[in-house]
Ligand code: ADQ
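As a starting point, one isolated chain is supplied in structure tokens, in the form predicted on its own.
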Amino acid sequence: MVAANRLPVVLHREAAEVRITPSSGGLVTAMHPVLGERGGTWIGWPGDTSGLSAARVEEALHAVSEEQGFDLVPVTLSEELRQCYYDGFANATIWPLFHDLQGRCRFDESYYKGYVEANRRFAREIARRTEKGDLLWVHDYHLMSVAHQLRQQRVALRTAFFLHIPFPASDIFLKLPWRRQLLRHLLDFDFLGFQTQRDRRNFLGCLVDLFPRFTISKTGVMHSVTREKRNTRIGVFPIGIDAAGFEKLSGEAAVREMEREIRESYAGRRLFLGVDRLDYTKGIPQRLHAFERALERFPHLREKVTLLQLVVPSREDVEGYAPLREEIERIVGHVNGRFTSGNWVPVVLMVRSVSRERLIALYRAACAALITPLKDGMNLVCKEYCAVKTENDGVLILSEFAGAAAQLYKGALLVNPHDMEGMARSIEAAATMSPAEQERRMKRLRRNVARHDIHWWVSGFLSAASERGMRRKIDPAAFVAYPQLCEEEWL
């Protein structure tokens, strides 16, 4: 059973009818093919169902379940509760805090109370659908208190949790007023999974600072935390994509035709591509300034390169996102005002969603992908870009603060998104890189993405979540040396 904030589909009421559209986001992209292959149950919010009876919602989701091959179970929330839980604590408190942007956090007691109540409602719906011995796999920062709520309801269930976003260092996490409660709620899960070694190291560092009496043990690549006769096992599992599925789709005739049209539109110019949700963690303004700096520093790039920045609208009701869009549009206008000449426009901005086929065509047509978040749990866009480059051409420019950098650093050009000069030099290097060097790097990237795909991730996580037993105790007093104790090679 999978529990996540959203179902993989969203219900919309239109007059007397119910319209169903696919959900967006990395979690849906990652988990949908897994449940489609293995079966199971997905519990989540179905969208705004006000005005729809519970029976009508169940009927609509039953039809989708039959089609998808797994069950969909709705958790309905009032608009007021959803604002506190989702817009408030999840996205105005946890999201910026866990991305090291504590200046954007809003610490509101009502947000936290709403978050706990929403998690209680998820737990109640889960309890109705499970039997003793079932495995519940909870996803991401929206539902970190679900296991605690299940224990409060005395539900006997094996529970595992995976955090898709980064976990912050202790000095940042300690700013959260409910820091102790949240850590204890996480430790009510039987198993915890993180994207990178850094995330797990940060989590354990917070435990050492706040709960020094807890025992941390290690066997092989797995860790364990023991407290009050309970044990929580902790692992690192960098998420992958359905690499084979993306590669197969990239060969379809419709995709190749779109690719041909895109290449013709930018004939004679090298196309750089940025693909991001509208979010302040993605570093889009910094990327645009770096592209401007590259045009300043390297005049030979002018009229030879174009940056196509695709921005997918997201969380538009969350405070701070509308000003971000205005800032992006202002910077694009400034860069184009400075450098546009003839029929060459240096930056093309697209603020909209595109089909998967269109996205793959853009990946294939682009000579380089600029994936430069300020911080990211993993970032699957960079892996999708590599998966569809079947001719082994193209260059990946990747932020060193994306979780994917730990896997892809040997083939990508790593950059610091705060370093305008460094990013400008990497843009110039990508624009002038020889075909042989591109092929060498892309082959390495594609091997990694194919080997560590979504099925590898799921199998590894579920296998680890089902094992038990830890041995070697780690002395918290020696925690300053902890980074050397947990460096595993994932390549």
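On a predicted model such as this, the values are computed, not experimentally measured, just so you know. When you see a residue number, it is the position in the sequence shown, counting from 1.
Omitted from view is the form predicted in complex with the ligand, to which the following refers.
Shown here without its partner, the chain carries 249, 411 and 449, none of which come within 4.5 Å of the ligand in the predicted complex through any heavy atom.
A residue is said to contact a partner when one of its heavy atoms sits within 4.5 Å of a partner heavy atom; residue 364 fails this definition for the ligand in the predicted complex, lying far away. By the criterion of a heavy atom within 4.5 Å, residue 95 is counted among the residues contacting the ligand in the predicted complex.
A residue is said to contact a partner when one of its heavy atoms sits within 4.5 Å of a partner heavy atom; residue 27 meets this definition for the ligand in the predicted complex. Contact check for residue 283: every heavy atom lies farther than 4.5 Å from the ligand in the predicted complex. This chain appears without its partner; in the predicted complex, the one residue of 311, 396, 234, 255 with a heavy atom within 4.5 Å of the ligand is 311. Proximity to the ligand in the predicted complex, defined as a heavy atom within 4.5 Å, singles out one entry of 120, 304, 184, 277, which is 277. Contact annotation: the ligand lies within 4.5 Å of heavy atoms from the stretch 157-165 in the predicted complex, the single such stretch among 329-337, 157-165, 128-136, 199-207.
Taking a 4.5 Å heavy atom cutoff to the ligand in the predicted complex, the contacting residues in 370-399 are 376, 377, 378, 379, 380, 381, 384.
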